[in-house]
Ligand code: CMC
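Coming up is one lone chain in structure tokens, specifically the form predicted on its own.
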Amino acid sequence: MKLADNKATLSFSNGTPSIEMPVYSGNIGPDVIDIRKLYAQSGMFTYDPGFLSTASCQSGITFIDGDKGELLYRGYPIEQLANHGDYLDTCYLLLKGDLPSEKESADFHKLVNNHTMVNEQMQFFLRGFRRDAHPMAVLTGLVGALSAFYHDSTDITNPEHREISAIRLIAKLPTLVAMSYKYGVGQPFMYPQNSLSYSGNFLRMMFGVPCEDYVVNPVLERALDRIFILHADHEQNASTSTVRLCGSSGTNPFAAIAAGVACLWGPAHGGANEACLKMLDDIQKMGGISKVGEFMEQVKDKNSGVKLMGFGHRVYKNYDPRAKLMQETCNEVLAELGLENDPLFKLAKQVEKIALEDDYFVSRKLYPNVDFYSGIVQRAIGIPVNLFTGVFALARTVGWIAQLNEMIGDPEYKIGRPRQLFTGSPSRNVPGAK
């Protein structure tokens, strides 16, 4: 960051002397006011619930322009990465800062493939969970447990430990997600097959069985790879901020990523595509496609309490750039699997059509977001709804690691310590105390 040409002056109406604060500029995006010395100079904190106007760090990984509908990984538009690369090359980009050369790409793919298996004792740990446990509850435990199996890479201050833990996490997340699924449905675990692509391997571990060969469908393989790319990072969202805050205490990388998985589980964050499919199921129960218009009218009624899931975005005030890409993939997958006339998917298309044409939704910029399409694609592939967030966590792990590594390498980083506006009782005495 660099010092901006102007400074910010905070003045007070009660006669307290004004305070001058430096303003910094990034390469793109809004300038920031440096308030680090505000408390020392004024005895006051700022108040920003949810940190919606607060830059908690400086970062060079991901940039979002919500008004333009722009998402950049290390400066590269998400559209270009999704159309001209694969997920592991995107992982390399996020971790290293640049796209890999042909040799670097081959070496990185090989390195990740060499770490796809998990310690065999993880199976016994997994069997301690109930069969009907939510996959995200299982996954949170499994990721946290990695620190109990890989003692040689738990020092977050050691660059070599961070590097090997990053490779292990990226490589093993597909195995752990597939294991949690297989355990829930009572099928044998499928070991990784490293001759396959990252996405192809995940499909085989999810849907293959030992008694027959599994042939990877290239359309589904590419669709899944695109889902992974589009979800790899998304700036300082709730789960990423959780990983940074957790890591700032010096905890091991596996524990910090487990904290991110737990945060992602929330329905307002990673559970959004699951909520979208639930909405479609609810419309189906109302009477299906003939009731879509009635449902959308209920959405317009503020007193109905009915919400349109999978549309609009907290950051993007224009079209979510990931949604355009996911829409293409959605159509490809439905055509490949012959599901264009499936009742639920026809229902989704009707909801999409009304939202894109009705002035009420268009004027409010309630465009379909990535969750709307990714949920439909995953369901078509055969991924159960309660595992959607697990797939999201798999994809986002590399972003969390990149952000964690960046924070540890920042000379200005400190253990996170948000402040508060206290509204409880002032000091008082217990009856009888002196």
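Here, rigid core means the biggest group of C-alpha atoms that superpose within 1.5 Å across both forms. Everything numeric in this text was worked out from a predicted model, so none of it was measured. All residue numbers refer to positions in the sequence shown, first residue = 1.
The discussion below concerns the form predicted in complex with the ligand, not included here.
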| property | result |
| --- | --- |
| Tyr183, heavy atom within 4.5 angstroms of the ligand in the predicted complex | no |
| Contact test in the predicted complex: Arg322 vs the ligand, heavy atoms, 4.5 Å | yes |
| Pro267: touches the ligand in the predicted complex, heavy atom cutoff 4.5 angstroms | yes |
| Any non-hydrogen atom of Phe311 within 4.5 angstroms of the ligand in the predicted complex | yes |
| Gln284, Lys346 and Val377 all contacting the ligand in the predicted complex, non-hydrogen atom within 4.5 Å | no |
| The ligand in the predicted complex: contacting segment from 188-196, 111-119, 149-157, 359-367, heavy atom within 4.5 Å | 359-367 |
| Listed residue (Lys317, His134, Lys278, His161) with a non-hydrogen atom within 4.5 angstroms of the ligand in the predicted complex | Lys317 |
| In the predicted complex, the one of Arg74, His234, Arg222, Lys291 near the ligand [non-hydrogen atom within 4.5 angstroms] | His234 |
| Within 396-434, the residues that have a heavy atom no more than 4.5 Å from the ligand in the predicted complex | none |
| Yes/no, Tyr198 Cα shift of 2 Å or more between the shown form and the other one with rigid core fixed | no |
| Core fit, then Tyr150 C-alpha moves 2 Å or more between the shown form and the other one | no |
| Per-residue C-alpha change between the shown form and the other one, Asp107, threshold 2 Å, rigid core fit | no |
